[in-house]
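Form predicted alone, single chain, as C-alpha cells, below.
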C-alpha cells in the first residue's frame, strides 16, 4: 500500500495539492493556501481515490467572498466522488457569514425514505407481476392521480408537509382521497425537520402556484440518475432494541425511496447560481473553481427561503411516491399498514453552531437519528443510527458512491454483459435500457467498506441490513 500511496501523493502534489494521509483520513488543501482550512476525507485505504474530487474539495475549502464570511471546515464522506457542478458529491461545508448555492446544486433535498410492512417475501413475489404493472402505471405512464387545491399547494411551499396536510384534511383530492390521512399526520414526526422549512410560493415555478386544482407533473416521480424506488427484505437486525422501537423486524418487506425536488429544485438552483454570479462584486475576479458564495445578508436570507421552498416540495414528492406504493400494496394484499421508519434529506443548508452547514450528497447523522445508507441496486442497504460525531460534522454517507462514470459504462466497446455489470439476478424495472447499464452495481463502490469506515470512526452504528428484491429506475 505504501508505494502506491506515495505515488498518489506525488501525483496530487503535481496538481497543486498538499495531501496527507494517516491510513484513515486524508487532509487536502491547495498548495500555498495556508489560510484555508484543510478539507478532510474519511476514506479506507482499499477504496479508490479520484484526484478531481480532491481538487474540488480543496477549492471548496479555499472559498472566499470579498465582502467577508469564512469557510470553517470542509469534510467528505467515504462515498465522495467528483460532482458535475464543481462540488464533490459527499461534501459537507461549514461556513460563517456566507452560504454557497453551488454547494447544494439543483437537486435540493434529494433524500431517502424507508417504510416496512408485515408482509412476507413469498406473498409479495406471488403477486409481483400485478404489483409491477400497477407501479409502472403510477411511476412511468402517468396513471397516478396526484392533485391538490391551490391553497394546499401554497401551504406546501410555505410550510412543507404539515401545511399540505392541514389543507388536504379539509379537501382531499386525487390519491390523497384514498390515503389514511391520520396515518400521514402521525408519520410527520418521523420526517427529518418535521418535513417542512419556511419557504415561499414566489420561488416556485408559476405552474405550481396557479388558482384552482393543481396537477403537477413532477410530484410522485422518481427522477433520473441514481434515484430509485426499491422493494427490499429486512435481511438482518443487529440492534434489536432500537429496531423494535423503530418498528423494524427481520423478514419484513421494506421499500426505500431516493428522490428529490425535481423541476422545482432545478428552477431554484439554476436561478440562484445565476443570481450569485450577478451579485459578485464588479471588478473582482471570479473564483477559479466557478463556485460563488453569497455574503450579503439579504441575499443569504432570500436564497435560504428559496431553498426551503424546493425542500418542502421534495418532502411531499417522497411521501407521495411512498403513498402510491402503499396504496398498491393494500389493493393487492388487504390491510397493510406499512409505517414510515424515517425520511432524511441530503442536499440542504441548515443552521450549525452559529453558521451554516451545507451537505451535498451527505446525510445528517445526529445523535440517535435514523440514517439510511443505500447500496447499489444489487447490494445490501443499511439502516443505521447516528452518533452525532462532531469531527464528521454530524454527517454520514448517502450511499456507496460512484466508482465509474455513466459515460464510461455506456460508451461503445464497454462490456455490457450482465455478469460484467453485476446485474446477474438483479430485478430492475425501467423503460430505459441505458439506465439499467448506467446504474448497474459495477458503477458503484462496494458498500460494506464505506459503512464499516463510518462505524469504526464513531459516526454511525448499524441497526439493520436490507437486501434488494425489485428496483424501479426512471
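Numbering follows the first chain given and starts at 1. Predicted, not measured: the structure shown is a model, and the values here were computed from it.
One more form of this protein, predicted in complex with the DNA, exists but is not displayed; see below.
- Considering the DNA in the predicted bound form, the lone stretch of 119-127, 378-386, 102-110, 296-304 in range is 102-110 [heavy atom distance within 4.5 Å].
- Proximity of residue 225 to the DNA in the predicted bound form falls within the 4.5 Å heavy atom cutoff.
- Within this chain, residue 335 is remote from the site of the DNA in the predicted bound form, having no heavy atom within 4.5 Å.
- Taking the partner from the other structure, the DNA in the predicted bound form has a heavy atom within 4.5 Å of a heavy atom of residue 432.
- At the 4.5 Å threshold, heavy atoms of residue 263 reach the DNA in the predicted bound form.
- Interface residue among 64, 52, 406, 31 relative to the DNA in the predicted bound form, by the heavy atom within 4.5 Å criterion: 406.
- Proximity to the DNA in the predicted bound form, defined as a heavy atom within 4.5 Å, singles out one entry of 84, 288, 211, 368, which is 84.
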